[in-house]
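Shown here is one chain on its own, the form predicted on its own, set out as structure tokens.
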């Protein structure tokens, strides 16, 4: 991953300022007017992509040698730590508190259906047994274990679909800069190990092609070997913060939205159905950062999860284990609190699909197996609403309701709501939360 959200926000703010000038607006408008409108049918998703979209919510796990320093996953690059000094972190990497089943159990209680572990990050250290490809792996550290194997076993025991993050750039391997073709041979052989030594996996999530944007990464060969060994695996390659939602190589199964809420995908005329996934940190770093106190709350996570599902995207939320491999207490407790919300609202979150039903502001509808669910935000007056959004109890009008409605009830307590239907407009009188209750986003079932 790239360094921090703060860097990203500064860049985006600068870009927004430039775009505010009249010339930039005119250029953007001209481009919009001349761009061809997508046309044609929406392709049918392949089974692996259908499965992935139903998973809805996953755990990202960034853990490596950098975790011992506690200053984020880019610490080697950001602080310009010499390689000879940095690589000595391998000699103190014990993984003494890493337990694959414990982590998978946290994911299960959080309502997350899949987990994506950094099998190798940009630092070049592998959590798996590279079987002679490198001496820079967990087996040849004091841990003396194949930690990817333990992760896989834990996920299978807890019913979590395991996936692997794998860097494509490498700060450790000398051939990355000196002999790129030889480096790609090493990279592809590494990925082939992950595809052949651990049974069936859910997918591979790559990150780093943006570091050599003009290079020939030989993606045909890389993705071909994945399809050969793991035909049901998702293939994802992160386009980076500044290219959110960009569709890449034809074999890619999902586009990415790093640190930003996804926008709707227009799949008309696409040669293949592509899913979408937002990945996000719980604080400002992917790897653990002991002096970073800027953490999200359960409210933030619930709202982001709903924003993802509003447009049919998955939500991949990161945790940064400690140096020894344990999930920090705050992250665990926050995830499990969101899991309790999902116990009430799981059906529309996992199985719901966008159906053209839109309410005021952030409000929206999803169809799950023929049942319409309405997601209602900002029930409390003045609570975080944007200009023009509805807030507090009262009427909310949803457009695009193409069915006859006989009842509307809250999922959390079964309370029947008053409603009025005119053609495809459904106005529901949203009641306030009972004292002692606030589910952040309140969901109603329409019958």
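Treat the numbers as computed from the prediction; the structure is a model and nothing was measured. Numbering follows the first chain given and starts at 1.
The form predicted in complex with alpha-D-glucopyranose (GLC) is left out here; the points below concern that form.
This chain is displayed alone, yet in the predicted complex one of 57, 60, 398, 52 has a heavy atom within 4.5 Å of alpha-D-glucopyranose (GLC); that residue is 60.
Note on contacts: among 258, 363, 123, 331, the single residue with a heavy atom within 4.5 Å of alpha-D-glucopyranose (GLC) in the predicted complex is 258. Heavy atoms within 4.5 Å of alpha-D-glucopyranose (GLC) in the predicted complex are found in one stretch of 191-199, 83-91, 115-123, 221-229, which is 115-123. Although the partner is absent here, residue 165 is a contact residue: one of its heavy atoms lies within 4.5 angstroms of alpha-D-glucopyranose (GLC) in the predicted complex. Not displayed here, alpha-D-glucopyranose (GLC) is approached by residue 205 to within 4.5 Å at the level of heavy atoms in the predicted complex. For the chain shown alone, residue 279 is a contact residue for alpha-D-glucopyranose (GLC) in the predicted complex, at least one non-hydrogen atom being within 4.5 angstroms.
Though the partner is left out of this view, residue 314 does not reach within 4.5 Å of alpha-D-glucopyranose (GLC) in the predicted complex, counting heavy atoms only. Taking alpha-D-glucopyranose (GLC) as it sits in the predicted complex, the stretch 75-104 never comes within 4.5 angstroms of it through any non-hydrogen atom.
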